[in-house]
Structure formats: structure tokens, C-alpha cells
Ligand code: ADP
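Have a look below at one chain only, the form predicted alone, in C-alpha cells format.
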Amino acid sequence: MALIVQKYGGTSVGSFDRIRNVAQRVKALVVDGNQVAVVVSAMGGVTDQLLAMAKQVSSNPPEREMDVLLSTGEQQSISLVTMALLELGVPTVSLTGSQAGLHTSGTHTRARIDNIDATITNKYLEEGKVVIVAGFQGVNEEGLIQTLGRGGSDLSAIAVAASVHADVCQILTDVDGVYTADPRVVKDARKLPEISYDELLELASVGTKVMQSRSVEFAKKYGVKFEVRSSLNNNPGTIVTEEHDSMESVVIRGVSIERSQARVTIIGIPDEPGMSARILGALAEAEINIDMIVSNIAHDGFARHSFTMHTNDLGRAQAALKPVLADLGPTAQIESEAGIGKLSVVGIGMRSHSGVAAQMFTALGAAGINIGMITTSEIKISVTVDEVQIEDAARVVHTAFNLDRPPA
């Protein structure tokens, strides 16, 4: 007998037929002798409907009340899934985030999990009941409902799995695992049987949308092994786990792309202490997230800073930097470019294999794809290319590292 925590997203419970499908899947686990806790999201589209309702009565809905409103979406789901399981004769009980002991702190609509008291959940599991928990929500020390922001139900599931010491946590969604690349872009992309926490974190940071980074970080911190798999079939998914020695034999685990990137370059910056802080501080105050950063001193003795961001932030970045440029003096000028894509390769095998960057750049050069900015980490290399070439670049690099074939 295993203790299994499952999470079903909005698509998986997006209709009454799909809710019944979830109930059948959970019943099969119970019939096999397992203890099961299930974390569910709001039905697909419900959260958007609730947001639209709030806008109908308020031009600026307070975040405290938005948490009260949005949390009802998951409460609707847990009731319906519980009813479907009871209809199948499976003893089941639903719990809100508060009832499940999920304690939060921080800002409304984007709270963080501090701890989770699994006393009530364990009590029901020991009684032989399936426990259906509302994802995306918790309660702070004042007893106020708080929601966890994007990816909150995944985070709830990992937290529940950690608190009940589950044997495995299954994140069931509309994709059936983590692939070496986006299958819609690279037709011969291959599903990975396993991936390390660090590799998935890096892939998430550069565009892979399978899991939010903070859910993976939480799993790594508490040692929760989880599996990303489809809710629409019974095929094995991708196990996300701690790094082990055999993983290093795979040099590159995956390729990821991000579209709609823009580059801003400031030239003629006086080579003096504090210049970078002034520039980046202005962007931080404007709440602009920057990604790649390259800085150097030109032959004329002036510094040059380049950084990338989402294209949607380009106009605000230019406005935020305008007063800073005036303070930097007459030599400072700003250049900007939109229509950029970012290509990244990720793999913990980079730590023990040399020549990865050379192999990547050689493949891109042979395909006539010019690269712009370059940044690296211990297990990642990212480059910018013209956005119209980003898909070709992904396919070229995927082939160059033989990612279409299982490792020998």
C-alpha cells in the first residue's frame, strides 16, 4: 500500500465528464489498496469568470476580498469531485486549504506557505477516506484566506505531499511529462523518464511551462519526489527527483525557447562605482523584470550595459531610464531592439563535460543563425537570436545534441 498525493489542474476538472473521469482514476488507486489525497484547482475558466465578476462591481478590487472570491473556485471543485467519488461508493471528504492546515503569510493574492498541519488530513486518511483538498489557498495567522498566485495548486500539492510523507506526488495535467523540447516546435522531442530538480528549475526559468519554479523549489527543499503525467491517459510521466550520479552522463537534458524578448543597451556610461545600481534600481522601481545581463568596458573607457526583458515591458523601461540617462551625462545613450528570442540548453552533465558551448555555437553557425547575447550558469547556456529564427534554432540544437534519441 502506498500513500499517493495527486493534483488535478483546471483542465482536468473542466467539465462534469472530466470530474467523473478523475473520480474513476482515484477509485482505481483506492481499489488497489492505496491511501489517496487529491489537490484540485478551480474548474477551467472559473477563475477568469470570478475575476470578471469582481471587475463588474469594482474598478480596483481590494486584494483581501479577491482572495475571498477566488478561493471559492477551488471550493466548488472539491465539493464536486467529492460528490463524484461518493457516487462511486468511495468514502471521501473535502477540505478547504484552511481545514487542511495550510498556513500562509505575505501579501494577499500571492502569499507563501509557511507550514502545513496535516493532523486532520492524516486522521481522515487513517480512517480509510480519500481526502480532497482545495489547492491555491491557505489561511494566515489572523485567520484570513490567502491565495498563492500562479501555480498555487501545484505548490499546495507538493506541500500536502511533504506534510503527510507521501510515497509519491503526481502532478496530473494536460501534458504527459517533461520533454526535451516543446513538441509543437520540435517534432522529434522525446519525453524524459526523469529529470533533476535543478534541471527543471532552469528549464522553468527559461520558458518551459510545465511547472512553476517555486513548486519545484519547495519540492527540492523538502525532498518530495513527484511525477508530471497526463490526467487523460495512464502512460508513465516524468519523475522529478534529487540528482544522482548517472544523470551526469546526459550532457544536455532539454532545450527551451522564449519569444517576445527585447534588448536594451546603454552605452557611454561613466566607469564609476554605483552606475549599475542606479540603472537597475530605476528598472526595479518600475517593477520591470530583467533577464540576461551583459556588462563590459569599451575601448573608449566607458561602460556598456545590455539586458533583456519581455517586449511588453520595453516602453516602461525606456521611460524609467530616461531620467537616469540625463544624470549619467552627455555620453550616455540608449539603444533598444525588439523581435528577439531566447534559446537555452540545460543539463547537469555540463558540470563534467567540456565543449558544450562550442558544440551549440557551431551548430547554430552552420545553420546560418547569428547569436547576440550569451549568458551561462553551471548547468545552462542561453543565447539570444532573431525571433523569426528561434524555432529553427531550437530544432538545430536539439539535433546537434542527439536529444531525439534516448541516451546510450
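Just so you know, these numbers come straight off a predicted model, no measurement behind them. Don't overthink the numbering: it's just position in the shown sequence, from 1.
The same protein also has a form predicted in complex with the named molecule, omitted here; what follows describes it.
- The listed set I334, V90, V210, A118 contains one residue whose heavy atoms approach the named molecule in the model of the complex to within 4.5 Å, identified as V210.
- Scanning N21, T399, T11, Q389 against the named molecule in the model of the complex with a 4.5 Å heavy atom cut-off leaves one residue, T11.
- Although the partner is absent here, D174 is a contact residue: one of its heavy atoms lies within 4.5 angstroms of the named molecule in the model of the complex.
- In the model of the complex, at least one heavy atom of R184 sits within 4.5 Å of a heavy atom of the named molecule.
- Y179 belongs to the set of residues with a heavy atom inside 4.5 Å of the named molecule in the model of the complex.
- Just one listed stretch, out of 166-174, 311-319, 264-272, 79-87, contacts the named molecule in the model of the complex at the 4.5 Å heavy atom level, and that stretch is 166-174.
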